[in-house]
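In structure tokens, the next block holds one chain alone, the form predicted alone.
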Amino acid sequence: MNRADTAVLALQGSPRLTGNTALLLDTFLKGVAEVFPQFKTECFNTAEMNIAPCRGCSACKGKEGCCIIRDDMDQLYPLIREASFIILASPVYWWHMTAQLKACIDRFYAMDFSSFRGKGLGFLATFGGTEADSGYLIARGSVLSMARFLKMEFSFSFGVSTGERELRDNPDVLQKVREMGRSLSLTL
């Protein structure tokens, strides 16, 4: 795939459409667009989508090779296959990513695992606690383990506490995440 065809797919799991996580992801994607406006970038809020949880039925592993559940994942599956880079963004709820994002990730099971090989993967998170181990590290560990299993390149992870200071009031962090987006080219 040449650089002009590079696709960045962002999956955001916050039910707060204009909250800290949405701002974190938006700022990161603006950094990407500043340096590489030719990159095709798509962003979906999984909290706004109809995504049923995986049933564990393994019907997808049969001759048809696709999930039998008909919902908004049908829209995401081809985009996931086409993407060169996937960004997962979530607030930390009860020591992990949101259920809305996790349901989407669980449905990756229906895909041919080889379609993930070599793709870049990044993780952005916000959390209310003042300590990184208030859930961010657990969620990060889960994403890292998924990347290893799927033979993806885990390119970055960034978590920020917003419990004492809203992200919109933290220009230093916003600048840092924008610069991370600008440097994404190093991993594509």
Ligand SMILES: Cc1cc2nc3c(=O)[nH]c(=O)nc-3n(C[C@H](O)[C@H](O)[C@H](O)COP(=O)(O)O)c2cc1C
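The structure presented is a predicted model; accordingly, all values stated were derived computationally and were not measured. All residue numbers refer to positions in the sequence shown, first residue = 1.
Beyond what is shown, the protein has a form predicted together with this ligand; the following relates to that form.
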Hey, of 101 to 109, 85 to 93, 114 to 122, 69 to 77, which bit sits against this ligand in the predicted bound form at 4.5 Å between non-hydrogen atoms?
85 to 93
Classify residue 126 as contacting or not contacting this ligand in the predicted bound form by the rule of any non-hydrogen atom within 4.5 angstroms, answering yes or no.
yes
Decide whether residue 27 counts as a contact residue for this ligand in the predicted bound form under a heavy atom distance cut-off of 4.5 Å.
no
Though only this chain appears here, would residue 155 touch this ligand in the predicted bound form if you measure heavy atom gaps against 4.5 Å?
no
According to a 4.5 angstroms non-hydrogen atom cut-off, is residue 134 in contact with this ligand in the predicted bound form?
yes
Would you give me the residues of 158 to 177 that have any heavy atom within 4.5 Å of this ligand in the predicted bound form, in order from first to last?
162
